[in-house]
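Starting off, we have a lone chain in the form predicted alone, written out as structure tokens.
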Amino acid sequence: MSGRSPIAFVLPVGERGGAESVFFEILRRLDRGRFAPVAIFLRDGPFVREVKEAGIPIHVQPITRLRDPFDYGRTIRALRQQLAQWRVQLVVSSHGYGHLYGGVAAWWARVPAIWWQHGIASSRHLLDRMAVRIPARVVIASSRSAAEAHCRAFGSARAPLRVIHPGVDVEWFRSPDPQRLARIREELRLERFRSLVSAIGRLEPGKGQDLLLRAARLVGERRPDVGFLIVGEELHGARSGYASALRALVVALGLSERVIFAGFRREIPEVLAASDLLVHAATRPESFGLVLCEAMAAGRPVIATDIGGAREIVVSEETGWLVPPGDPVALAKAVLSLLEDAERRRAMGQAAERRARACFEARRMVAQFEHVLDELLLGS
């Protein structure tokens, strides 16, 4: 790593979600002439191997429970030793949970820390209240909505706040693999549907897959030839029971023949290529909504609920629709309006791709992040 600045990224989970996809793009795109990224995971999982396969040095430091002071102390000590071994010059932590470990280890190692707050901060959240007390040179928010929430919760007198919109590899989403696409169509028997509506994201309360199912029943009353594809699974170890509740709701609503649970998928460009549009029906504010950018990059119109960071991504009536949260009737109406107007759907998809290229390209995000790194490293 001679001549380059080692940057450690502390990631609290080992499974890929929106935040992890953001960091994956940063890890693999940082200028190797100036930076040497390394990754520290607090839990093992498939994303750990994905990062390793990309040639990024990794270290897994498993944790048990944050409330266990002995485990927490051992973890912080081990992280500090790892930072010293890699001669890390700056630590970047994901979420408040990551900052509770990475930020403290960085403070002890006397290296600057960045807290990338991917969520919507709240003074009611204990983890956020704890994390905000840990020193950070900069707090990065993924949207203006998230930045405003952080200021409302904790004021603006602490660490400087920056907004960096996450980005995606537009060309990857514009270039689905024909063979993988054919396999997905065959495996999931997608030919039985005239139109396909997809929802992609972790299965957890607040993501709104239950709202989509209620809208799907209303869509089916008019268009029984429409299929709904739900891509994603629960976080490993999650105990919410949300995934089971969704499957039970499908049966209760009589949607068993029209809803497919596809589980976790890496072939997102192919899933989007097989879809007519994407729905992200979050029922609580999210800091961003990376899947919206992915669908837009693939040239698909998107329908999202009008809360949180989605407002900064979707231009309603131009690249898709923003609908009121918690309203399955409005969601069903928006879905039907696009499925029944192929020309408008095509025009919205083209506008969505143009917006993704202009505003949410991964190279743009990485350039902005590198500027923050340069500022901190030159000033440290």
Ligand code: UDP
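Keep in mind that what you see is a predicted model, and the values were worked out from it rather than measured. Note that residue numbering begins at 1 and tracks the sequence as displayed.
Not pictured, yet referred to below: the form predicted in complex with ligand UDP.
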Joint contact, Arg300, Leu322 and Arg354 to ligand UDP in the predicted bound form, by non-hydrogen atom at 4.5 Å: no
Counting only non-hydrogen atoms, choose the one of 289-297, 242-250, 106-114, 177-185 that falls within 4.5 Å of ligand UDP in the predicted bound form. 289-297
State yes or no: in the predicted bound form, is some non-hydrogen atom of Ala19 no more than 4.5 angstroms from a non-hydrogen atom of ligand UDP? yes
With the partner left out of view, is Gly263 within 4.5 angstroms of ligand UDP in the predicted bound form by any non-hydrogen atom? yes
May I ask you to state whether Gly96 is within 4.5 Å of ligand UDP in the predicted bound form, using heavy atom distances? no
Touches ligand UDP in the predicted bound form: Val132 (any heavy atom, 4.5 Å): no
Looking at Ile200, Leu213, Val139, Val170, which has any heavy atom no more than 4.5 Å from ligand UDP in the predicted bound form? Ile200
To verify the annotation, which of these, Leu277, Ala273, Ile307, Val231, has a non-hydrogen atom within 4.5 Å of ligand UDP in the predicted bound form? Val231
